[in-house]
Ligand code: AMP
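Only one chain comes next, encoded as structure tokens, the form predicted alone.
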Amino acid sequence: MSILNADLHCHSVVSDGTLVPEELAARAAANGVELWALTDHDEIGGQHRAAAAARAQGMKYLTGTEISVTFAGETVHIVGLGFDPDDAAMKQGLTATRGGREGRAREMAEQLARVGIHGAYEGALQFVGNPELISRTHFARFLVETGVCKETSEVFRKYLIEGKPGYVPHRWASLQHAVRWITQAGGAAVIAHPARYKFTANEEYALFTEFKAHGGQAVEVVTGSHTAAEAVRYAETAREFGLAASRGSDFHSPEESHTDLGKLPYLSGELTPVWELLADRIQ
């Protein structure tokens, strides 16, 4: 099961991707993906379309989302897989989590205006499929389109990060709430791309300890932003904490993403794949 070409982390226009769910499904299938999940940020509005598109492409499907969480002053992402997409508590929780994005976006635009970049809020909205989910990614695309930066990686060096113009922190869901929404809806909670967080060793240990205590079940070991060494490191972390392992590209766009759907190393055979925990939830 560890050599299954599963891609359980990607984004559509429902959050901050550039393709609709049907286009993502076609791209995943063309790349040999056998088990797929669409994991839009704090949103499950594309789930029924994605599941239908997966079936049409001959792929197996797991429901998915990626929930923004505040932990130790940092934003951490928790992927949910295999849950009931019609669960009322999850829908309510995600609606509340999305609620603060518009005010944050307007503050970001005001900061950019102070350094001579005007019209950023309206400009970012041009790239938003769902206005409730306006994010830094949409501002980054505006800054590239208008020539302020050459590419999105330059944006995130010069703007929108702590200490730079356009950075506005936001308090998201708690770790406990995010894990509870996922597990009570019948799914498995997964820590997304753990190498990306700027935690000390003690803070990271606390994250995994609390996550497991709240009912978290897995961690992304192989993901688009992990190096080979980081995959080895988090495979060891998975074994240390008794967590299953997940695999996902975190694909957003053909132009922006370094790792395409399905184009990832396979999981180590020593790990328990998260999809084994969710065998009865696969569609």
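Bear in mind the structure is a predicted one, so any value in this text is a computation, not a measurement. Start at 1 and count along the sequence shown; that's the residue number.
Omitted from view is the form predicted together with the named molecule, to which the following refers.
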Given 134 to 142, 202 to 210, 87 to 95, 109 to 117, the stretch touching the named molecule in the model of the complex at heavy atoms within 4.5 Å is 134 to 142
query = Is there any non-hydrogen atom of residue 153 lying within 4.5 Å of the named molecule in the model of the complex?
reply = yes
* Spell out, yes or no, whether the shortest heavy atom distance between residue 49 and the named molecule in the model of the complex is within 4.5 Å. => no
Legend entry - Non-hydrogen atom contact residue 101 with the named molecule in the model of the complex at 4.5 angstroms: yes
If we define contact as a non-hydrogen atom of the residue within 4.5 angstroms of the partner, is residue 214 a contact of the named molecule in the model of the complex? no
Across 14 to 31, the residues having a non-hydrogen atom within 4.5 Å of the named molecule in the model of the complex turn out to be 16
